[in-house]
Ligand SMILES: Nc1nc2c(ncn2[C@@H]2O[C@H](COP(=O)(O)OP(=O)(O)OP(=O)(O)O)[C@@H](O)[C@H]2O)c(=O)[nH]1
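Presented as C-alpha cells, the chain that follows is alone, the form predicted on its own.
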Amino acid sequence: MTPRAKYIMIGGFLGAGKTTSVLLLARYLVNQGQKVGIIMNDQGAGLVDTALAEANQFPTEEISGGCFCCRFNSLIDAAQQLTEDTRPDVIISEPVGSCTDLVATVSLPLQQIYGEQFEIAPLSVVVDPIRARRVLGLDTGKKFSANVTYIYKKQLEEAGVIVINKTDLVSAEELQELSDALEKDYPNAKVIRVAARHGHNLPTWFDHVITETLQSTPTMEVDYQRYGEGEALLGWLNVSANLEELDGGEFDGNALLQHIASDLRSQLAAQGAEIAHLKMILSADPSGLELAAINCTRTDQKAELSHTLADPIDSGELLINLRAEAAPEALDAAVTATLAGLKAKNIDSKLTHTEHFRPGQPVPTHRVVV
C-alpha cells in the first residue's frame, strides 16, 4: 500500500508571511530527506507565490479562480497530480489569504473522504504582529473595516497553531502582550513565535505540524453572508508586464522595484486605501531563477526586498499582485499610472496580462460539521 502523504496547510491573512514560511518548511523537509510538493491558491491567475516556489525548484501546482474550499475538486486534482509526478512525502498548501472556515471545508473533507491518501496536519495560521495587535485592540493605527476584521478573527478562531511571525518587528513586551491576548482569546490553539525570514524558532513550529495530526474539535460558526461581504470589500489585482531600457542600456532592477512599490503606496495612501499585501517580482531571464522580489503588507509600511538581482539588467518581466481594501478600479488606475511613469526613467513597459476584481461569494464544495 502506498504510504499516505502528509498534508500541511499554512493559512493566515494577506501579508502575514505565509509564502516565506511555506518555502522554508519545504527546504527544512528536503534537508531531512523528504520529498515535497507545494500547492498555491489564489482568486486570480499569475501568482508571485508560484513563481517564487518554482524559482526554488519545488514541484508546484497552482489553483486559481477561487479558494480551496470552493475549488475542492481542483485541490484534489492538484494533490494527485503531485503524487503521480513526484510522489511527495509531504504536500504543503497555501490557501487564499482572505479565506476562513478551512478546517470544515478543506481539512475535514480531506480527512473523511481521502483519509487513505492523506494524513492531515493541524491548520497553522500565520499572523503579522503589528496587524494582529491592531486587530485585537492592543495598538492604534490604520485598520480594516469590521467585515474584513471578522474574517481575520475567524481565521484565528479555527487555528490549531497560531504562528506569530516577524517577531523582530515588535518589542519583547509587545510580543508577550500579543501572545497573552491570543492564548486568552483562542485557548484551543498552540501559540508559537517565529521570525521566518531570520530562521528564528522555525523547528519548533515545523516539527509540531510534521508530527501532529488534525484533532476533532467542534466546528466554529461562520456567517457566510458577512464573510462574503468582507471578501467583497477587498480589491484584487494581478498584472504582468515586460520592461525594457529604451536606449538598450541597463537599469538597476532592485531600485526599480523599490520605486514602483513606493509610488503605488503613495497613491493608495492618498486615497485612504489600506494595503493588505503588495508583492512583486522582476525576473531577469525566462527560467525565472534570476529575480528580485519585494513585499509591502501595510500602507504605512515601507516595502522590503526579499530577493535581489546581482547585476543590472536591460529587460525583465514584472509580476504584480496587489490586494487592498479599495475598489479594484482604483488599484488598476494606480498601477497603470505607475507603469506609465516609468518612461521618465527611460524604461518602456508593455502589459502582457492584467485583471482586477472583487472576490465572489464563497460557496464551499463540502462543509463537515462536528
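When you see a residue number, it is the position in the sequence shown, counting from 1. Just so we're clear, the structure is a prediction, and the values are computed from it rather than from any experiment.
One more form of this protein, predicted together with this ligand, exists but is not displayed; see below.
Is it true that 51, 290 and 316, all three, sit within 4.5 Å of this ligand in the predicted bound form, judged by heavy atoms?
No: none of 51, 290 and 316 comes within 4.5 Å of this ligand in the predicted bound form.
From the list 82, 196, 162, 243, which entry has a heavy atom within 4.5 Å of this ligand in the predicted bound form?
Among 82, 196, 162, 243, a heavy atom within 4.5 Å of this ligand in the predicted bound form occurs only for 196.
Can you pick the one in 270, 169, 113, 146 that has a heavy atom within 4.5 Å of this ligand in the predicted bound form?
So the residue touching this ligand in the predicted bound form, by this definition, is 169.
Partner absent here, but in the predicted bound form, which of 73 to 81, 296 to 304, 203 to 211, 220 to 228 has residues with a heavy atom within 4.5 Å of this ligand?
Among the candidates, contact is made by 296 to 304.
Taking any heavy atom pair closer than or equal to 4.5 Å as contact, tell me whether residue 16 reaches this ligand in the predicted bound form.
Heavy-atom contact with this ligand at 4.5 Å: present for residue 16.
Does the 4.5 Å heavy atom contact test between residue 94 and this ligand in the predicted bound form come out positive?
Flag for residue 94 set to yes.
How about residue 20 - does it come within 4.5 Å of this ligand in the predicted bound form, if we only consider non-hydrogen atoms?
Judged by the heavy-atom cut-off of 4.5 Å, residue 20 is in contact with this ligand in the predicted bound form.
Decide whether residue 265 counts as a contact residue for this ligand in the predicted bound form under a heavy atom distance cut-off of 4.5 Å.
Contact check for residue 265: no, nothing within 4.5 Å of this ligand in the predicted bound form.
Are there residues in 247 to 286 with a heavy atom within 4.5 Å of this ligand in the predicted bound form, and which are they, in order?
Result: 277, 279.
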